[in-house]
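Below sits a lone chain in structure tokens, taken as the form predicted on its own.
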């Protein structure tokens, strides 16, 4: 039996937003409240994840689908340990590495320095960084731009470099949040192969992507979230994707017949 890597048990995540009702809590609004001797702004609670439970096993690639605001990114951040549970718990066998479109790369540093810092932050030795650096740059496809500051990169180039850095090391749990969205077809194929390699190296991958083709190509399981709750989950990836499309007003995907 495969080994459980992530156990999510009746997870609830609640955001507390200060300044509800249109008051964004800026310095100017705070000054006005002081002058008027008003209280602090109200606190609005957003229940982002509502009683989610599932188990992911070693070697799984789990796609997470749902509309904007359904709780996909919040779920990944909770698994990575970046958000506390209001109720329930997340148990992981190993460390979760979150890779998202906003993953921390420093705009004022060159791509080269970001590669070095990113690899060191993942626990690589300096010798490991030197050994893996050429392959990371080659995989990202940024070419000579690696010697330029990150602020000179396009969105796609930054996204490719983030994925190349994060996937340079095998992770117990790799959480990919829309990091492949801006890659071209060639890069998506390379990313697909790399995710397969990460699974083969006994890791577990979670993938959030609005491109449902990426979910079907990369994942053996899928979780469909809506308003912070699981609508469907399981290993019938095409069936759940079709059900999600129909519920969203779309048409089921047309797939090539299986070759015999």
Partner chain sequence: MSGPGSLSKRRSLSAPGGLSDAPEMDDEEYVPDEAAGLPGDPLADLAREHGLQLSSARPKLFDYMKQLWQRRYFITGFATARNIAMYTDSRLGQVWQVLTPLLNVGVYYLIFGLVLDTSRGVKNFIAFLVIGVFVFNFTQRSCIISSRVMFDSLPLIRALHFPRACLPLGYVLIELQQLMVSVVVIFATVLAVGEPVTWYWLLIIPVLLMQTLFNVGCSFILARIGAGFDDVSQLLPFIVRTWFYCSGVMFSIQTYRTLAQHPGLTRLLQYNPAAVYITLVRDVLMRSQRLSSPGAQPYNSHLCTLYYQHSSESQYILDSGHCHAVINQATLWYCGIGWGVLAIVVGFIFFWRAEVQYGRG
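None of these values were measured; they are calculated from a predicted model. Residue numbers count along the first chain shown, from 1.
In what follows, reference is made to the form predicted together with its partner chain, a form of this protein that is not presented.
K.L.:
Would residue 196 sit within 4.5 Å of its partner chain in the model of the complex, counting heavy atoms only?
P.N.:
Judged by the heavy-atom cut-off of 4.5 Å, residue 196 is well away from its partner chain in the model of the complex.
K.L.:
Consider residue 132 of the chain shown here, and say whether it contacts its partner chain in the model of the complex, taking contact as heavy atoms within 4.5 Å.
P.N.:
Residue 132: no contact with its partner chain in the model of the complex.
K.L.:
Given that the partner is absent here, does residue 245 sit within 4.5 Å of its partner chain in the model of the complex, heavy atoms only?
P.N.:
Answer no; every heavy atom of residue 245 is more than 4.5 Å from its partner chain in the model of the complex.
K.L.:
Does its partner chain come within 4.5 Å of any heavy atom of residue 230 in the model of the complex?
P.N.:
So residue 230 counts as contacting its partner chain.
K.L.:
Check each of 108, 138, 184, 144 and return the one that places a heavy atom within 4.5 angstroms of its partner chain in the model of the complex.
P.N.:
Contact residue from the list: 108.
K.L.:
In the model of the complex, which residues of 46-66 put a heavy atom within 4.5 Å of its partner chain?
P.N.:
Going through 46-66 in order - heavy atoms within 4.5 Å of its partner chain in the model of the complex - the hits are 47, 50, 51, 53, 54, 55, 57.
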